[in-house]
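Next comes just one chain, in structure tokens: the form predicted alone.
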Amino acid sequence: MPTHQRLGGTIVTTPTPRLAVRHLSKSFGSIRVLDGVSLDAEKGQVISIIGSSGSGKSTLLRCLNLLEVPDAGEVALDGQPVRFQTRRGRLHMSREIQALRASLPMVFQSFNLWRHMTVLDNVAAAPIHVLGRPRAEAREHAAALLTRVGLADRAGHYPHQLSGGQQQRAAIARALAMEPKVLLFDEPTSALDPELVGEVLKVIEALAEAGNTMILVTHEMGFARNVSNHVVLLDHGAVAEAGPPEQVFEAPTSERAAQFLASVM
């Protein structure tokens, strides 16, 4: 729900964040991977999550759509808290969880396309089987999305017939097919040869310009600086720095942020 504040006799309404994360924590055994992470993603905002290897970036994304179950904290989508149950330590799948994952699909490092299906069928599958879309409608929409990411001529190909960059663009089209509220990207260029990185970043940049809400884990500092509205630096599972890219990259307030950026820029 929107919040209301009185400023100088005027009531100001603050829009509800598309995605709100509060004090999220996660441990694997004795290792604390996330330690009280909080952030807000406003509608149309692009948030880049940066940090060294092992800082908790990917785990944070996986906790947002419950691919990993957080130990503590809260996640709310459009003001509605995400509720879940576990049985013997495992997540109980429900319609609510399926709806959440449809609203927050993830684009993985390693593409995760179904190798026995054509690119078109990869994109159309979830809308048919999860969202219940008619097959013809889903395939028509999938074809339009493949055109959007520059793969119209690859619709009938299988994943092994595509380059890594093309596979990742197909994975992005598959995520878009779910009509997401927030797109999650887990280092989408890390598995690509350097010459293929640009074609994937170009698609993500176009999505940002189109107003898609995105949370992006990336090691591409220049891209994060130029495309993001907000940057979060994680260190040992906690937020070490957060703010607009010009502040984080040009005038970090924490010593850890200054050290990290000096090592990667």
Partner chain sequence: MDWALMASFYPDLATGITVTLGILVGALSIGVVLGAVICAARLNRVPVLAQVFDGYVLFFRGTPLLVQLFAIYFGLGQFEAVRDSIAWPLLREAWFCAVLALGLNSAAFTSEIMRGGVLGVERGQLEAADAFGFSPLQTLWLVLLPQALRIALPAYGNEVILMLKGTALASTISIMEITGLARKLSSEHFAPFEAFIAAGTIYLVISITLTSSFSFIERRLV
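Numbering follows the first chain given and starts at 1. Since the model is a prediction, treat every value here as computed from it, not as a measurement.
This protein has a second form, the form predicted in complex with the partner chain, left out of what is shown; the following refers to that one.
- When contacts are defined as a non-hydrogen atom within 4.5 Å, none of Leu201, Arg225 and Leu261 contacts the partner chain in the model of the complex.
- Though the partner chain is absent from this view, in the model of the complex it lies within 4.5 Å of a heavy atom of just one residue from Val182, Leu77, Leu113, Leu151, which is Leu113.
- Between the partner chain and the residues Ala72, Ala191, Ala136, Val130, the one pair within 4.5 Å by heavy atoms in the model of the complex involves Val130.
- Contact between Ala144 and the partner chain in the model of the complex is not found at the 4.5 Å heavy atom cutoff.
- The shortest heavy atom separation between Gly165 and the partner chain in the model of the complex exceeds 4.5 Å.
- The partner chain is not drawn, but in the model of the complex it has no heavy atom within 4.5 Å of Gln85.
- For Asn65, a non-hydrogen atom is located within 4.5 Å of the partner chain in the model of the complex, even though that partner is not displayed.
- From the list 103-111, 77-85, 191-199, 136-144, the contact stretch for the partner chain in the model of the complex under a 4.5 Å heavy atom rule is 103-111.
- Counting a residue when any of its non-hydrogen atoms is within 4.5 Å of the partner chain in the model of the complex, the hits in 150-189 run Tyr158, His160, Arg174, Ala175, Met178.
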